[in-house]
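Shown here is one chain on its own, the form predicted alone, set out as structure tokens.
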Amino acid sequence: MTSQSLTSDQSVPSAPSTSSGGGIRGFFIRSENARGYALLAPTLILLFLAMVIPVVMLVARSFWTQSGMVQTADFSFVNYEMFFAKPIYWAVLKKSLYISGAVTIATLLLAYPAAYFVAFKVKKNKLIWLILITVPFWTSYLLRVFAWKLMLGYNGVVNSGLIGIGIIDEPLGFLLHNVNAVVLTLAHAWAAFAILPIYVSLEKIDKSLLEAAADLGEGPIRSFIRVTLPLSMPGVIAASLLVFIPTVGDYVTPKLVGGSGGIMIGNLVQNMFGRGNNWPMGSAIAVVMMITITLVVCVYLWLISQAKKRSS
């Protein structure tokens, strides 16, 4: 009988090592950033095609010249000189910033209580409440604007109701075709865009901080001012930007409910690209509007950062 023994110096053969290899495939395997950019490539390409190229074309066309119906691709500042030479353009731009600022403030005053109620007072089925808040905004934007036009009209719901209960004897003519109608309509139209970010910011607040403030003797008002409001400021800032930036260039609402008294800079741009058929001048007005909005937003964010530094 023979026996076989295994010697200690015998070893199990090791598996061949795999390498990531070279070339493009190896680069993507080794680089996490490259893999991330590869996943974002379709979105970045879409953004480039849909946003960057149109803006570049708009800026380029703003330096063109137009004589009659003929546009010439000659580099010139004549459109910008005309913008600042005519006070009407700058006056309408300042008026648009004023209207958008008023809309932003009105929207925040409407949106914050609604977001606060859902975040702190509703204990269950919060999703249903959020859906109910956004249900009116599932309809067309134009339908909502027309609804306000019907309500604020000379023979609209508001005037008819006031006459019916005996408060007024004849319809009020100042409800429509002015700045107030534009502010009211835009505040309602953009309310949902302000409620949601404020709600998310309020929902993230640790409720134990409010309990600690109450234990230290803070009342509900002081607790809100010193705890809730500062912690919800990111949502308030986001909501204000979401409302202010697009409303500056709105031209549908001012045209339908603002009349000649509620005209905004977007109406001038629309007229230049439409009936005016002066695309270079319309492009110049749009570029000045975008630069102005950017500067206003930068100053707004800078003031907020300075306020935070002073409070800390």
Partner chain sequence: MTEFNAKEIVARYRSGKLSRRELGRLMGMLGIAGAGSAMMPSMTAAAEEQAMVFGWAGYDDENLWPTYVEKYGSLPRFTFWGDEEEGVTKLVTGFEPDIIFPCSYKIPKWYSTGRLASIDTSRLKNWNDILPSLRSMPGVEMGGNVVWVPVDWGLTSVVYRPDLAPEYVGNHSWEILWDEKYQGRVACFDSLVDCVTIAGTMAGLDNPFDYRSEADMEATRKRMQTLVPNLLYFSNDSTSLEQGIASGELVAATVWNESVTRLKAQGVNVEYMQPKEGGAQTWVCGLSMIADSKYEDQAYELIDAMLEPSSRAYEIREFGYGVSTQGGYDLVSVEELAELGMTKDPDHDLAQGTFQEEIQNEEGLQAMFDEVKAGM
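Residue numbers count along the first chain shown, from 1. For clarity, a rigid core is taken as the largest C-alpha set superposing within 1.5 Å between two forms. In this text the structure is predicted, and so the values were computed from the model without any measurement.
Omitted from view is the form predicted together with its partner chain, to which the following refers.
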| query | finding |
| --- | --- |
| Heavy atom contact within 4.5 Å of its partner chain in the predicted complex, the stretch among 137-145, 228-236, 194-202, 214-222 | 137-145 |
| Candidate site 177, 256 and 274: all three near its partner chain in the predicted complex by heavy atom within 4.5 Å | yes |
| Residue among 167, 91, 109, 131 with a heavy atom within 4.5 Å of its partner chain in the predicted complex | 91 |
| Contact flag, residue 46 vs its partner chain in the predicted complex, heavy atom cut 4.5 Å | no |
| Any non-hydrogen atom of residue 279 within 4.5 angstroms of its partner chain in the predicted complex | yes |
| is_contact(residue 252, its partner chain) in the predicted complex, heavy atom dist at most 4.5 Å | yes |
| Close approach of residue 33 to its partner chain in the predicted complex, 4.5 Å, heavy atom | no |
| Residues in 74-89 with any heavy atom within 4.5 Å of its partner chain in the predicted complex | 86, 87, 88 |
| Core-aligned CA displacement of residue 262 at least 2 Å between this form and the one not shown | yes |
